[in-house]
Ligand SMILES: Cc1cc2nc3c(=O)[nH]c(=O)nc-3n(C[C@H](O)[C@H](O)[C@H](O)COP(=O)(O)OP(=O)(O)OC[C@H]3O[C@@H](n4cnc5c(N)ncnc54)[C@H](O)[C@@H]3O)c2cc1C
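Let's start with one chain on its own, the form predicted alone, as structure tokens.
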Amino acid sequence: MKKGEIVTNSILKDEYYQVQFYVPEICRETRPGQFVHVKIANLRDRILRRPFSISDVSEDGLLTVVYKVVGEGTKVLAELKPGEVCDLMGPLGNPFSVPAEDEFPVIVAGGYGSAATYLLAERAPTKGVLLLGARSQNDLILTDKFAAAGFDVRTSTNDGSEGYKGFVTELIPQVLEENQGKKIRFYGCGPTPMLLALAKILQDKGYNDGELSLDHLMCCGVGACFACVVKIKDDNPDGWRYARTCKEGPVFKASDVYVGE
């Protein structure tokens, strides 16, 4: 556990905020796809920590978290000022594998799944494509950062307010057609329905080395409480078992994700 002093905490877009903690020890160990478990200051009797994906880290010790105000915890976090201190555990969780130089990365993200995959894009030796989907243009975030990192950014929205109108997974066929002959490596993070649809597509098309971050509600963050389980394929009569996203994940092989019959 490390004390993380808040350096900046500001609105990123609408209800989305970006906070930077000074935690050089955590930054040095962080790999893409990992998270921190934060004990938010001034949260009174709410003792549980909140898990947040690590969006970025810097050499000078700044750890960036992107979050949306959705409940009391994030509401209090949004009110914290520079100089205030939170207690951070991390980095936690199973990370993404950084693509090899001969692999073409395709990141499929939903909502602020873009926050959990930005560090992966930044560290990828070969720049690829970001497919980012959301309910509306108000929920599309970090597109400028991905573009600055060298990624071809393509968006979709459910209401058609920006980019393609429809589900983000519907953009995949065109990317595959444009990049025939390349060794494509898929990555994904976003809402569970999107990830299950993506897992099925990758399994059907044989992209078994794709990796998906199955973010889920967590309590302990260290594998003790079994509150964050998801279904993973297993060789038993049911064909699946429960896996803890905080300990065995949040990143799983796409080929291991149980998508049902």
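Everything numeric in this text was worked out from a predicted model, so none of it was measured. Start at 1 and count along the sequence shown; that's the residue number.
Note that the form predicted in complex with the named molecule isn't included here; everything after this is about it.
Contact check for G71: a non-hydrogen atom falls within 4.5 Å of the named molecule in the predicted complex.
Residue contact check for M194: none of its heavy atoms lie within 4.5 Å of the named molecule in the predicted complex. For L48, a non-hydrogen atom is located within 4.5 Å of the named molecule in the predicted complex, even though that partner is not displayed. The named molecule is not shown here, and in the predicted complex it never comes within 4.5 Å of any heavy atom of I201. The candidate spot formed by S53, V66 and D215 is fully in contact with the named molecule in the predicted complex: every one of the three has a heavy atom within 4.5 Å. Of the candidate stretches 96 to 104, 72 to 80, 132 to 140, 146 to 154, only 72 to 80 has residues whose heavy atoms lie within 4.5 Å of the named molecule in the predicted complex.
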